[in-house]
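Only one chain is included here, represented as structure tokens and corresponding to the form predicted on its own.
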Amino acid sequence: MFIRTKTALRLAIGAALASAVAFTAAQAQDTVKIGLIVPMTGGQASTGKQLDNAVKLYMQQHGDTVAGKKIEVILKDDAALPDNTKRLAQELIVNDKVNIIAGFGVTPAALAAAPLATQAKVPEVVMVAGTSIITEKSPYIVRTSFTLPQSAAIMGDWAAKNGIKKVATLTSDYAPGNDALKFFKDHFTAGGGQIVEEVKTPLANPDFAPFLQRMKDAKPDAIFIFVPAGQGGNLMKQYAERGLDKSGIKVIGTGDVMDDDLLNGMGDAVLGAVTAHNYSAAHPSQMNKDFVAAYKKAYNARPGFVAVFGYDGMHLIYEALKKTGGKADGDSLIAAMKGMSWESPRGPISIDPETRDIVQNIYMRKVEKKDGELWNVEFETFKDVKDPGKAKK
């Protein structure tokens, strides 16, 4: 009886999802609804806030009508908990009849929504989560953020070529952290480097102090760090409290740890830290200068990379609707998004037509102080980087 009940429930959910899509198509609505699922509370709240801010800024600048369709954004807070994400995605698709689901602050959230996107044929625009495999989990997923292998592989190569022989690694213990660790380690050791300590920290509410002590005791030339957006400030505070900034151990990593949104609060302990990433608020293009100025004016804060991801996500949706002439069914939108390219505040980007994943520049950056503020200053560019995680398959 229990098994039959579960099967019946699954069938009912499937039928509801299918009828929601049919209803949307049949009505040929004049409104395109976007369900924005982001963490507005909990440990990843700064991620959700940046994303929400960027979506609002894009709509302020470009209006709320595209190809004759009114754009409506429905914001939902999943607190970065995948069970919440799945429930909210289902409610948005079935009850709110959204045409697109978007956001997804962490990988487990993006993965939780993937089967629903497939079943309902609703595009899932991933604006943050960075694990390589995400776009493989549904033909309706498109990503405007990044993958960890894009930055970690380049960081590994750079470290090996720039006099760093021994590295201790500190990475968050979930899929993006595992991606970052694997690709950094593979590339660093291939270049002759040695990993002398390897530590994985819990994703939820981590206390970094004991892990940092292990890093210090290992006496490496550098610490390679990956933590998700929003946790870097706390980590670097504990890094300074443990005296690692005075130990001569360099800080290297993917750019998540040096998020522009939090950088000024980290203090001078982070001066000299080198990271590989896709965006810096100090990126010297005119488009970025205008973006940073507009974001600061609107929110009295510096945008971080998550804000750019959200801004670009909205650009992708708007331009896809223009290409389809306002058709908002999933197949039309996904087809329009494949291969799209444009100039972003982070530089030139495109959507790989084969993988539906982002192709972008990766920049080597060093934390420097200018006019009393801390900035990630770019000093080397790797152009048009695809996800190495997919290239190896």
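What you see is a predicted model, and the numbers here were worked out from it, not measured in a lab. Numbering starts at 1 and runs along the sequence shown.
Not pictured, yet referred to below: the form predicted together with P-hydroxybenzoic acid.
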Worksheet entry | Which of 286 to 294, 234 to 242, 263 to 271, 126 to 134 lines the interface with P-hydroxybenzoic acid in the predicted complex (heavy atom within 4.5 Å) | 126 to 134
Discussion item. Each of 279, 311 and 350 having a non-hydrogen atom within 4.5 Å of P-hydroxybenzoic acid in the predicted complex: is that the case here?
Written reply: no
Discussion item. At 4.5 Å between heavy atoms, is residue 318 in contact with P-hydroxybenzoic acid in the predicted complex?
Written reply: no
Fill in: Touches P-hydroxybenzoic acid in the predicted complex: residue 303 (any heavy atom, 4.5 Å)
no
Practice prompt. Tell me, yes or no, whether residue 193 is in contact with P-hydroxybenzoic acid in the predicted complex, where a contact means a heavy atom of each within 4.5 Å.
Written response: no
Discussion item. In the predicted complex, is there a heavy atom of P-hydroxybenzoic acid that lies within 4.5 Å of any heavy atom of residue 176, even though the partner is absent here?
Written reply: yes
Response to the item:
The one residue among 229, 222, 120, 181 placing a heavy atom within 4.5 Å of P-hydroxybenzoic acid in the predicted complex is 229
Worksheet item: So which of 142, 148, 167, 89 reaches within 4.5 angstroms of P-hydroxybenzoic acid in the predicted complex, heavy atom to heavy atom?
Response: 148
Discussion item. Where, within 93 to 119, is there a heavy atom within 4.5 Å of P-hydroxybenzoic acid in the predicted complex? Residue list please.
Written reply: 105, 106, 107
